[in-house]
Ligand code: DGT
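Before any questions on binding or motion, here is one chain by itself as structure tokens, the form predicted alone.
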Amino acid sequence: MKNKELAQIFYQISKYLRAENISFKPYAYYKAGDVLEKLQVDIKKVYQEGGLKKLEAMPGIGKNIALKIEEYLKTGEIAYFNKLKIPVDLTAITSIQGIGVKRAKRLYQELQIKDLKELEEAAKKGKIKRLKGFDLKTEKNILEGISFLKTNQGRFLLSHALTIARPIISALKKETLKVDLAGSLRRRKETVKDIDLLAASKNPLKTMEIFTSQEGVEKIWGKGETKASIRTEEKINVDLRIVPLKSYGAAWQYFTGSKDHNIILRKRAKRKGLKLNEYGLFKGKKQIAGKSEKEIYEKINLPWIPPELREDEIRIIPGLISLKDIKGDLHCHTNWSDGENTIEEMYEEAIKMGYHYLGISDHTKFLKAANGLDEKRLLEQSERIKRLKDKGYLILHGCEANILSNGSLDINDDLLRRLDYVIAGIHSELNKDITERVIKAMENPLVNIISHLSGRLIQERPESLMNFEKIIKKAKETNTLLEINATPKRLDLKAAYIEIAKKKGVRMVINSDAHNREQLKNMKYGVFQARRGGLERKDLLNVKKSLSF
């Protein structure tokens, strides 16, 4: 699909325009990039079905951007972008914290740095600290940032891998008895190296032909009757294994993993005088289980364990949270700040999803780039939401206030008291220890929720320094909820923190942090993360059908 290529171009156009201090346009291109990156259908197909009109009808895509999409689909280039760009891998270099487009341009102009390799070499030789506006600390941060990026090379976000896997599974369903995800993708790890698929088929050769000849296959690594491997145009490897139905459950369990989980199960089987492998569970030479996962677990005296819990120990949690338990979303943005849809449009989508309520929590004034609301506009929004409530809309009004460097919020308490709830989050100085800022914010009795606590962006930005135990203790003391942010690049809190918070009795809330109505559906990624952290209904706020703070 061309979606990701176009998204990256629009992100870069946004960065170039920001560097030139141009108003409004940078956000329009960024928004278009975000829409395309998350679009689950091929933009080429959208254009083929309805031309420019259908492109313009998409949220965040206006006439000018639609014309540029058309130009790219027809020619493979965008002339406007070609005029703006410099011969620098801008996406890679600006992914280093503290290096924006302006600095990237200076590094190119003064040191001819075009990519991360040249940036690393210059930093190691001490060339960067000699430039005006740079220093030894900047150089150190650059080297640490590059090291962080190297550890994430060759991995794909969970959401991205699932998007790639869906059409492959759909194609295989036509020629298989069963087909399912396996591996770390089935266990819903935050990032994955590849996609593992398992199938049972009456015609394995035909199934393999469908698998290896589908659109988007860049390379075939190997193809046999029981196993084939391909690489897609997105540069992710996909493995397909075909097994007989009588062994399907055993193979599914085995190829789902994890390795540590499989070792534990094999040892457990051995203690009972049994042998467990990908072909089944055996007593001597006789297969006594293998058609389903459930019977494998039953025969070794265990309940079926959800894939999200299959890591390095046996965790049995009968009441594990599921998507159907979620009754509402408290963190979403509208076109009052940096969202794409109106309050009404977001609410209507939430009701379609079966929610009982929706919380509107736009950014506040410190985030000028996100069109944050000051006291006057927040009051106007409050009055607007009150009128909608009077019409029967089940809307809660909150905001995502900014925790400033001293721990105070950027909106005065008198205005915050008018809201149904307050989310507070850090959006600045993320490279400093955030512990005391968060603690001070939680001591404000008006703060109900802390959003995306660690500030990480998976594969892009490491989490902030913090004393998590100290923060957890204060959250318990002040009865402050911690958010599990479902944005695929955040998934913040991470699973290990969720598990600790649960053990300490700190309640949590899963929120989508949606900036358009489609992103409300990202809630599922937050649920995956909560399941990996072992959360039950009792641990979460938004499993309730009605809320009051």
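Residue indices: 1-based, along the sequence shown. The model shown is predicted, which means the values in this text are computed figures rather than measured ones.
Just so it is clear, the following notes concern the form predicted in complex with the named molecule, a form of the same protein that is not shown.
The named molecule in the predicted complex is approached by D196, whose closest heavy atom lies within 4.5 angstroms of it. Of the heavy atoms in F211, none are within 4.5 Å of the named molecule in the predicted complex. Not displayed here, the named molecule is approached by G183 to within 4.5 Å at the level of heavy atoms in the predicted complex. Although the partner is absent here, Q459 sits far enough away that none of its heavy atoms falls within 4.5 Å of the named molecule in the predicted complex. Contact with the named molecule in the predicted complex, defined as any heavy atom within 4.5 Å, is confined among 121 to 129, 254 to 262, 415 to 423, 362 to 370 to 254 to 262. With the partner removed from view, the residue among R103, R187, K299, H397 that has a non-hydrogen atom within 4.5 Å of the named molecule in the predicted complex turns out to be R187. Among R166, K294, R266, R377, the residue placing a heavy atom within 4.5 Å of the named molecule in the predicted complex is R266.
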